[in-house]
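Following this are structure 1 and structure 2, which are two forms of one protein chain, each written alone as structure tokens.
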Structure 1
Amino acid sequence: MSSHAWEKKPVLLLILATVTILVGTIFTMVLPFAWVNTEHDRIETVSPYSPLEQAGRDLYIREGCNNCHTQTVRPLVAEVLRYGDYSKSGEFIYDRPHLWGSRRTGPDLARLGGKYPDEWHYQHMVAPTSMIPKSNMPAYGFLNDNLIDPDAVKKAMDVLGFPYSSNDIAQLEGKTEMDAMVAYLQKLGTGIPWRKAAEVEIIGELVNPFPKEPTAIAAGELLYAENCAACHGEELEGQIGPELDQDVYSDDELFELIYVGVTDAGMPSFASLGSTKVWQIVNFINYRETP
């Protein structure tokens, strides 16, 4: 059998293999550096992490949250509806390392900032199933027991080259790991003002399509338990959000509040449920049998 020189010369084989491996490497790994994180990618409103937020980010890495959560919204219709505006390269220039993840056992977190009030996160992190009964997210209550170390955070900020003041560092004194985590979570995806831009506007007149219908009320009850009870209480008695058992809103006011949300006050928009489901919830809140 005839054979090639490289089949007899290990060093030659090593060199040829290295060159072969480097071709694709140069094209798809080295060259993109000329495209990415350049002026073209820049977004004015994106800012580096504050010391508290960076400390939270390091905890997110330590706990391996990225094994269940992604941090990139793809430009796909359903995905933008579910999570918010799709991710832009310039939003990640301060992320070392990136935390895009590869599995969505839990929901994407790229646009989490501002979705919930802080209080929601404090309760959810300690006991996820208390808010979302079917969740399988581990409980992270121990983060409340540990204080963060301002010196270590200062060193990290220096290595990353992020700006901070001595006052920022002094303020870390007494902050818990949980405080840092929540601060980080509230920062996610807020580098661009997408929430205002995405705010739904209701056009035209609102008419309750199935006023007081028992089937709609029953469906609304289930939807309420799943989507609202964590914040407004199982009996609408109020918790993180205000009580809803006072029947102060007309049907269309209520629809608008739920559909649009009060996004800067911690009441999420539920437009993604669709108008049918929101009307069912309205019917439940306004026409349920009260004991």
Structure 2
Amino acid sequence: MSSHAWEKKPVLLLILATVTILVGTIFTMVLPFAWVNTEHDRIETVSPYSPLEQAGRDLYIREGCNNCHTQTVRPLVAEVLRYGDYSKSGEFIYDRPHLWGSRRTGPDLARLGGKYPDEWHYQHMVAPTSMIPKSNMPAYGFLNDNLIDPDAVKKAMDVLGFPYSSNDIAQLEGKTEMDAMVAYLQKLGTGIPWRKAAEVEIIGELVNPFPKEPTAIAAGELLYAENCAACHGEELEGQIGPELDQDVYSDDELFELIYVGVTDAGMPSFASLGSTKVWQIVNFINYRETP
């Protein structure tokens, strides 16, 4: 049959085209959605959101946080080094809707939970630039003024089919929207035990390359102000983090704390700064001039 013959049978051509499109749609869209969130994708350690966390998630959506922050780490070396282990499909089985996002006006939040202590998040939400000086994130201090509605949260949990107890709902009394937001942020990425496996390991003996060197101390002072002052105070007097007195840690101990981080205490690793800059911070903390 010549190609011109098809043109004389528009109904048959339309039917064949429709069938082709439907088959393609089934294989590229319908079946993948059916396969995702099955028992094969489930991760045993991933749990549903608690009522307070779910309330925070709803607030996160209400305030449009997903317009600036993604929640998915792609399996690329640069992304894994910056944000942590790449995202797995099973991590999102309780996300309705998912908040993967596509824009990173702000950093990705898929691995945020446990990176900082609660106090850091409360302060950051109230005054973002107090914790990250170059941040362009708006302030959300008003969340402290609004109380959570336990009945509304209960209805949301029922609709989603998430487990909860009457005590869980009762504990929402007196909780603010800020409490809920922080609880949600601290949940992100904690469904899989990736952080322990991703800990930075230091190999070899640590030797301060420029002990008490004035230029290193001056450089360390600037780096401290940019990366450490928000938690430990501008004068190292301690705030969210502890006071940093001189002679408390040896040079190598302090280097390891900064470079590796303290996962259980909510202090992130600063290995991304590189060893030279970390040593400069060490020199500032341990050898700065004190009044």
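Just so we're on the same page, residue numbers count up from 1 along structure 1's sequence. Between two forms, the rigid core is defined as the largest C-alpha subset superposing within 1.5 Å. Since the model is a prediction, treat every value here as computed from it, not as a measurement.
Of structures 1 and 2, the one that is the form predicted on its own = The chain shown second - structure 2 - is the form that fits the description.
Determine, after fitting the two forms on their core, whether Ala225 shows a C-alpha shift of 2 Å or more between structure 1 and structure 2.
-> No, Ala225 moves less than 2 Å.
Superposing on the rigid core, is the CA of Asp252 displaced by 2 Å or more between structure 1 and structure 2?
-> No, because once the rigid core is superposed, the C-alpha of Asp252 moves less than 2 Å between structure 1 and structure 2.
Hey, does Ile61 budge by 2 Å or more at the Cα between structure 1 and structure 2 once the core is superposed?
-> The answer is no; the displacement is under 2 Å.
Any chance you could measure the C-alpha shift of Phe27 between structure 1 and structure 2 with the core superposed, in Å?
-> C-alpha shift for Phe27: 2.9 Å.
Can you give the C-alpha shift of Leu13 between structure 1 and structure 2 in Å, rounded to one decimal, after superposing the rigid core?
-> Its C-alpha shift, to one decimal, is 10.0 Å.
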